[in-house]
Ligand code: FAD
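So this first bit is one chain, no partners, the form predicted on its own, shown in structure tokens.
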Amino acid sequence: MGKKPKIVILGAGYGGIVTAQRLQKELHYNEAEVTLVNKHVYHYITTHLHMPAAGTDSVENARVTIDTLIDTKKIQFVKSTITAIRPEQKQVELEDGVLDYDYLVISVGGEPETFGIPGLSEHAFSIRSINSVRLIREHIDYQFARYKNEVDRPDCLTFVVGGAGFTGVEFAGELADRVPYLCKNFDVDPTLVNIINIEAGPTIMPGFDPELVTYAKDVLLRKGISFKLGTAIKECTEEGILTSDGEFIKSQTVVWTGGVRGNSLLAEAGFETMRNRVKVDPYLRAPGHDNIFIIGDCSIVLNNDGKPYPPTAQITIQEAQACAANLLSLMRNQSLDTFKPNLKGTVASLGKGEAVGVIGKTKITGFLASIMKKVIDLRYLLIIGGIPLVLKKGKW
């Protein structure tokens, strides 16, 4: 009997978890040895993070322990930090060892894209992990307490959200919903709180349907959010931000949601990258490496117009399903299938009871859209954990 091939999956986000689960289900007994590597013992649901960051939901609802999602008798789980990928040696270096592989799936997630803005990495928060959103929530609470103990500090109650894409809009909407509670709890006049969403482009939610953008903006304006559109952040300091129109906005809380790039591990590994992303082949493999698949934030998949698909959770889940199928085909000397996303629609939350989106070709707003957003979230929980996880973590 020949040696079992080793499959190593890097990262337990949407791509890594779904790939591991599909392999777990489809692999024959003793057909391959599968290892999943992640720096945490939990999988977190990225599309939920804006809620615990603002404090409108528990952080526990955004994470699921990995050993409840995989069969550890079939998938070996290694908790460790990846320090390097060595394609030529077919090895992955970890902080505490080395893993050899025959097939590799890279789904390590992205890093905040700061576009070289001075001070942003040092002084702005980013919604990117369980620990980061814990910090944001605690910091926001602290600013209200601080305002009551320090004289004349309006910057404590000024919250700047950099970027008006999905994450920025969703976070701003949730924060606006929490402000009344915080004001009541800390005896703060609500009129003193200022939430500013700043966007370098001419509109919020760029690329979204103009009618839905208008609806979303009206909802957020009614919630008390103000916008600075067509205005870039030029510098971020301990005291606030300098904008492209020369204004300095004093703020103790800057939350950056302005973009995500791929992971620096890929460029360091020698792959040809664009903003740390790799343009994969039609089967989701790294060019020149038939045994390496790259999915999620670190991959570039082009549509029929030659433009990259956005690295959304929806597409990443579909990539993971296709990746697992092609891995099995590759191991079994069968033909591979090209990856073509099946875009079912997109919904963005605007806070409690409000959302906008497109399902198929149908535009939806308000309460209906907010229900659809919950249905989408519940569907993902159903995919990875079945009805028990839906009942445990689902938002109703």
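Quick caveat: nothing in here was measured; it's all calculated off a predicted structure. All residue numbers are counted from 1 along the displayed sequence.
Another form exists, predicted together with this ligand; not displayed. Remarks below refer to it.
Although the partner is absent here, residue 296 lies within 4.5 Å of this ligand in the predicted bound form, judged by heavy atoms.
Shown alone here, residue 63 lies farther than 4.5 Å from this ligand in the predicted bound form, counting heavy atoms only. Taking the partner from the other structure, this ligand in the predicted bound form has a heavy atom within 4.5 Å of a heavy atom of residue 44.
In the predicted bound form, this ligand sits within 4.5 Å of a heavy atom belonging to residue 80.
For a residue to qualify, one of its non-hydrogen atoms must sit within 4.5 Å of this ligand in the predicted bound form; none of 132, 135 and 254 qualifies. With the partner omitted here, the residue from 314, 291, 321, 194 that has a non-hydrogen atom within 4.5 angstroms of this ligand in the predicted bound form is 314. Contact with this ligand in the predicted bound form, judged by any heavy atom within 4.5 Å, is made by just one of 286, 75, 160, 127: 127. Heavy atoms within 4.5 Å of this ligand in the predicted bound form are found in one stretch of 334-342, 32-40, 358-366, 55-63, which is 32-40. Residues 167, 170 are the ones in 160-186 with at least one heavy atom within 4.5 Å of this ligand in the predicted bound form, listed in sequence order.
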